[in-house]
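Just the one chain here, the form predicted on its own, laid out as structure tokens.
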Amino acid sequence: MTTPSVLIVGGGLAGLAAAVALVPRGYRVTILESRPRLGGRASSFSDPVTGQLVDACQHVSMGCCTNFAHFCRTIGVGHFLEPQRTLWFRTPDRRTSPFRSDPWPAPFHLGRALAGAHYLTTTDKLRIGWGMLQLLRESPEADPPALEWLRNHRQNARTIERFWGVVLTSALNETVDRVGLKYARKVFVDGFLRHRDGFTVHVPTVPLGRLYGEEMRGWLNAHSVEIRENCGVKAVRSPRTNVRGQCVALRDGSEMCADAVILAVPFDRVLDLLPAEIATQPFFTRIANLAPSPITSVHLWFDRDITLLPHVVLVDCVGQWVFNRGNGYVQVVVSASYDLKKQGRENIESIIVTELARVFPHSANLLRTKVVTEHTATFSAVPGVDAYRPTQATPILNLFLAGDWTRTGWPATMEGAVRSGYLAAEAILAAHGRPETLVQPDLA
């Protein structure tokens, strides 16, 4: 009996997760990646001045992200994730509120943290508590506009801007006026209300290029996964009559075939890879309705540290998070950075530098900056977005999809990417008469 083979187009987190799930179950896996590295959007670049490996944009996980944690443990990089059991919220007046869990059962474990938020009034906190209670009572599938729902449940401009919006923009990479309730609810229920450890942020202690580097490659090599980097795929091809499975045409003119193909590429590339007779099927055409949302990351190097805190969540600011990477290097993340699109690099730098000077009392000298914008960082979690997100199993025999934009039950996160890879592997196993559940359970 021959070993079944799978081609995975795309070496990002979704494709890697699919490979990690399939190989131990007897599949021969080949990963085709057009870039000279693995990791997809979770990437790093080398700073030309210092040679330091720098993340294009800081990625973090949370305690509720059980599948991403499972993936990291499996490949041996779980120790590179450091839990941040206290979140630090700061306003432009330089006041800071710690946000940490108490040893009480959920959802009461964060009550004291909310009560201590200096940027909210007592009435604000009561409104937020009421809103949280109503979220727990709301159907998980309800997906009206989140802003409308919040207003209908006693939230005012202050609570929306200083609490709901701060959390949602960071978590969903979308502004509160654009998102649907389904994933807004998921952020708060899974991250804040269901389990005491759900909200704990896990920050990589190494650059992403290192996180998906030596250990990742070592695991893949030990399990005989073939990795072909700088190997772009031009199109999915219908297999020849004497070939079972699916084939792909490579940009160098050659062709590769396997028993199954997983397209683990960004949503805006899928239709271009499919033959017209497939791309025009309703299952695939709805993907075109997914809209992108941008993230801008501003990297700043000072001659000394501007804060001793490991990170800061910004309130009433352009940026949402400041990550302190040590030795004077900080990264400011601006999620859903639509308003910065028309700003030039120098203007963006000026906005962020001015903001940091207001938020942090420092006398450090700015040495240099770098602005990185990913214009199609994630899909926009608008109301009803799941109607456009396809399942991992497609109507085409032996053709599967993976990516955080597929139907995972999660927004566009590293957790969603890993879930999609596991779900694609589940779909392949089911198609081959070997059904198995690979997706890890939520926190109990």
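Residue indices: 1-based, along the sequence shown. These figures come from a predicted structure and were not determined experimentally.
Keep in mind the form predicted together with a small molecule is missing from the figure; the text below concerns it.
The stretch that touches the small molecule in the predicted bound form, counting heavy atoms within 4.5 Å, is 372 to 380, out of 22 to 30, 372 to 380, 392 to 400, 45 to 53. Against the small molecule in the predicted bound form, the set Arg90, Val315 and Gly319 makes no contact: no member has a heavy atom within 4.5 Å. Arg251 belongs to the set of residues with a heavy atom inside 4.5 Å of the small molecule in the predicted bound form. Looking at Cys231, you'd find a heavy atom of it within 4.5 angstroms of the small molecule in the predicted bound form.
Looking at His70, you'd find every heavy atom of it more than 4.5 angstroms from the small molecule in the predicted bound form. Shown alone here, Thr413 lies within 4.5 Å of the small molecule in the predicted bound form, counting heavy atoms only. This chain appears without its partner; in the predicted bound form, the one residue of Val261, Ala264, Leu172, Ala146 with a heavy atom within 4.5 Å of the small molecule is Ala264.
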